[in-house]
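Structure 1 and structure 2 below are the same protein chain in two forms, each given by itself as structure tokens.
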Structure 1
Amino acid sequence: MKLSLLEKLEAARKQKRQVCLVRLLAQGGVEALVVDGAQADGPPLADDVLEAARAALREDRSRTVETSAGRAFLQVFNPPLRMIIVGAVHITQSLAPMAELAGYEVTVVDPRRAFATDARFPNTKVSQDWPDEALEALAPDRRTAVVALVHDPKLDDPALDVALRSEAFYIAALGSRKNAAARQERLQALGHDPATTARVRGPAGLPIGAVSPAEIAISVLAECTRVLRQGH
């Protein structure tokens, strides 16, 4: 591997970017680098090779593929998945373990000490900091999902404010459509434009008729998965 390519690969990994190293096996192992879906180094890649690299990044899966440039090995270096859940509520008690099973490193944020206890979340990292402080410290990246479940603007809005200033791939909050519209106005009053506040999905979760906390957790994780894998 060329030193310049290696340096770019390591720099991208330190910045928690999504990196795919492309080796064109049919061309003597010529290497190229794709970072966050765009080519960052190496000879120009054909469109189908670039799209194959993007698909490998979306699916978190290294593999060998047949392309118009011949066989190519796609080696994925994705940062770990994280989920930050604001609100140590009943839905969180279901969502946190489900998300961990799906491969997320989960942090539950809630300054209300009566809710955010190790007893209620025995196997999950819990922060009792205020949501904005916790989110600033956790620094959401493009492999992070942020879900606000408190249903209280005093706690949800500061977290969403920080999340919208990040590259978090999934941002969602509970609440009716009426409450979601009011939330959009509050976030715009904090300086976000309408296109940015539209990143907040609300009501959170796929419309599957969920009623119980566990069912709502399923709908949220399903929507998060769809955005992660399909981008919408």
Structure 2
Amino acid sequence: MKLSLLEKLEAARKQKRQVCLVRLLAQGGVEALVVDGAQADGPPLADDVLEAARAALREDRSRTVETSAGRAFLQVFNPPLRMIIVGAVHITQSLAPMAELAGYEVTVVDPRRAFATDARFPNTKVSQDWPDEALEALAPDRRTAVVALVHDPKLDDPALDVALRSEAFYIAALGSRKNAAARQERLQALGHDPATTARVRGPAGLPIGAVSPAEIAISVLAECTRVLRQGH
């Protein structure tokens, strides 16, 4: 590997761009960089190689594939996953550290100062902005999960409204089935079509019979993991 290519790769990663290092193993390891889906360095890649690199980035998985240029190793460097949790509530106190362990950069959003305190979230980034403003500033992308845990439409809905206009890979909200149905209607009243509002998973989490805040956090993180890894 050329030092110059390594420097370019590191610069792109520092800017939190999505980088795929392509090594054409069948050609002595000829190297190229694909950044945010476009070729950024190295000899021009065949279309199928470029497409395979984009797929590897999408799926966030390094792998060797057969291409028109022979075997190629696609090494993926994606920016960190993010989780935005709306509501600095009891479940959040479990979910935030668990998500951090699982590799997410977590931001807790709650304008209610009594909830969003450093004492309750000593190691987590907390935003006290209104949820729609906070979400717009955080700009969820397709490596971001948005979880609304407040239970109060006044705070949850503005956040979900912004999330639905983003590519966030996982959007979920707490609440009973009845509340979830009412939420769908409210979000449709904000101008989203039913196919879009169906992206909000509610009640959030896998049905594992969770009772305690920590167990509910596990079920939410498990569902988020399944969507990330299996796409459903």
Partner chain sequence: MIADENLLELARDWKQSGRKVALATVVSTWGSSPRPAGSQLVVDETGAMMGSVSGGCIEGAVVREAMDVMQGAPPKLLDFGVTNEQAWEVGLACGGKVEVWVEAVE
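Structure 1's sequence is the ruler for residue numbers, which start at 1. Take the two forms, superpose them, and find the largest set of C-alpha atoms that agree within 1.5 Å; that set is the rigid core. Just so you know, these numbers come straight off a predicted model, no measurement behind them.
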Query raised in the report: So which is it, 1 or 2, that shows the form predicted together with the partner chain?
Result: 2
Query raised in the report: Of the two rigid parts between structures 1 and 2, do residue 16 and residue 105 both belong to the same one?
Result: no
Query raised in the report: Considering the two rigid parts of the chain, by what angle in degrees does the smaller one turn between structures 1 and 2?
Result: 47
Report summary line: Shift in angstrom of the residue 48 C-alpha between structures 1 and 2, rigid core held fixed, comes out at 10.6
